[in-house]
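Starting off, we have a lone chain in the form predicted alone, written out as structure tokens.
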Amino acid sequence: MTGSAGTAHQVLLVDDDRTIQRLAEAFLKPLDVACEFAGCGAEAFEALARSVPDLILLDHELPGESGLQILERLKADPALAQIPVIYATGTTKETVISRCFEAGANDYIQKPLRRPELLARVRSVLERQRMIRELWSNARTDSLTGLPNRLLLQETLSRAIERTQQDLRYRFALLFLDFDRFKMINDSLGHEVGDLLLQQIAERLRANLRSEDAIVRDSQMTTLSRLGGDEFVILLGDIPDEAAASSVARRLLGVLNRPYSLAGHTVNSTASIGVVCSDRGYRTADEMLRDADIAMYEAKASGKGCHVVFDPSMHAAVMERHRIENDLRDAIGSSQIQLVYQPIFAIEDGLVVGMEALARWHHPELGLIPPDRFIPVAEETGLILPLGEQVLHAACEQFQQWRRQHPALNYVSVNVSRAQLEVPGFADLVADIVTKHGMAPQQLQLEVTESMIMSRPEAAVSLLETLKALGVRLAMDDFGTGYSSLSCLHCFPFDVIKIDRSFVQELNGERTEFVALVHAIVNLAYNLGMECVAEGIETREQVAVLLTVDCLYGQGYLLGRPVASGSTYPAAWHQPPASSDSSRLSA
């Protein structure tokens, strides 16, 4: 609460004696205050409706309502209750003084007014109010950007939600902003540069929020806030519809996506924005912030540098993911996680030479949950580490059991994730598991995807060479779907290239370019001393083409479907197809 222009404070003197009003005003001149006068309760509330003062000097004896009655009315009004009141009374009765404090007075002064005492009490109350305002502001302001923080945003948002409940025509929206690659900028250039980026972001947002975009005209309804880190929230007030909020989001993306000049560095950082509108009937600020946050993550998943408007289906997906995460924690290490094994054939003679272990989750209530629903959750939460270890143990144990029945089975192949590769000691863990199950190292094959290793090739080479030194086989999975890094293939110590099913599916007489491409991959692999395995074989024609280009190994539903673990070597693998002309391949 600030005073009028040119003065530090505004004081309302409520007293029906004009002489006392003039005397008090003269006494207060050293404090540089602007005085407004009221002779009764009605005049006092009329003055309060025009402007809110920093202090009320309230007389006890007034015509009509007494000072106590006025004080009680003030404290009952949320908009006025925080104004400090000094109660002025000519009586020394303890009952009156006690009642004024019970009613909410901050201080009292006895009449007749004495200049030193009035100055001291008014100065004390105003100084206390200044300190309270400063503490209030500090608690609600982000120290780095000077923007309102999460606390003030939640208060502002709560008032906006209350307004929608009182005025059904009023609509507003939230824009939840997060900056892509901010962590990388912090890690590579340092936190000082990261702080400069946040300050420049705040300045761009301030400069590009128009008055018609948001409720910037009302100081009680803050529009721009920093939640923490690189997260900012904009409250757009009195918008006509969702399209208007999207229009603002698009304009801000254009502003924020321009390069930043920071301490001699040029930095590029796009923003992802989640948009949510008030017409979904929100009851709390947390609910609305939650949905705006969900929409922001959808924007990130959609490719970053864009905005997404919240849809209830997004919340349902988050709740499902939350359940998947919680239930997966209980499932890991239990019999709910089971493996199936897909055979890998020598295409020419039809013998099973290896098997790929594939994790399946048999949920007690939801039934079979496919890997594409729980593996991403496991990777995001770190649960992939205990899950991966469980899979390695189970796959090695099953391999040993089946190999005793089928000595031609050369290896078991297990997929590993980026998180597993980045854990210190992963190579030691692999060595321990191989030793525990009595396997030769070359009987275990680890599969990594092309995109996984190409994201950090130097680190990948180091770890792969460590694993190679142990003697385990290494395979590049889904080759061709990531960077198609034919020129870099010689840098990695792979034993096997697995040609992605998307290439194999195109192997027919009409797509000669894919035949040529697969032929080139096979020749390159052989020149580098690597084997080739074709994935996703489903037709006899694909088998024929693969044999023509000398791809000797393959897997797919045509050759053999995944089978569950068991004590007996799968009967379906006992008599594999001898050639592409076999009856099995034509089935």
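Everything numeric in this text was worked out from a predicted model, so none of it was measured. Residue numbers run from 1 along the displayed sequence. Throughout, rigid core stands for the largest set of C-alpha atoms superposing within 1.5 Å between the two forms.
Omitted from view is the form predicted together with a small molecule, to which the following refers.
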> Only one of Thr145, Gln398, Ser417, Ser278 has a non-hydrogen atom within 4.5 angstroms of the small molecule in the model of the complex; which is it?
Replying inline: Ser417
> Given that the small molecule is left out here, which of Val515, Val391, Leu235, Ile185 has a heavy atom within 4.5 Å of it in the model of the complex?
Replying inline: Val391
> Asn149, Asp178 and Arg226: each with a heavy atom within 4.5 Å of the small molecule in the model of the complex?
Replying inline: no
> Does at least one non-hydrogen atom of Pro493 fall within 4.5 angstroms of the small molecule in the model of the complex?
Replying inline: no
>> Contact with the small molecule in the model of the complex for Ile324, defined as at least one heavy atom pair within 4.5 Å: yes or no?
In response: no
> According to a 4.5 angstroms non-hydrogen atom cut-off, is Ala359 in contact with the small molecule in the model of the complex?
Replying inline: yes
> Is there a heavy atom of Asp477 lying 4.5 Å or less from a heavy atom of the small molecule in the model of the complex?
Replying inline: yes
>> Within 4.5 angstroms, counting heavy atoms, which one of the listed stretches 520 to 528, 54 to 62, 37 to 45, 535 to 543 is next to the small molecule in the model of the complex?
In response: 535 to 543
> Is Gln110 among the residues whose Cα moves by 2 Å or more between this form and the one not shown after superposition of the rigid core?
Replying inline: no
> After the core is matched up, is the C-alpha of Ile337 off by 2 Å or more between this form and the one not shown?
Replying inline: yes
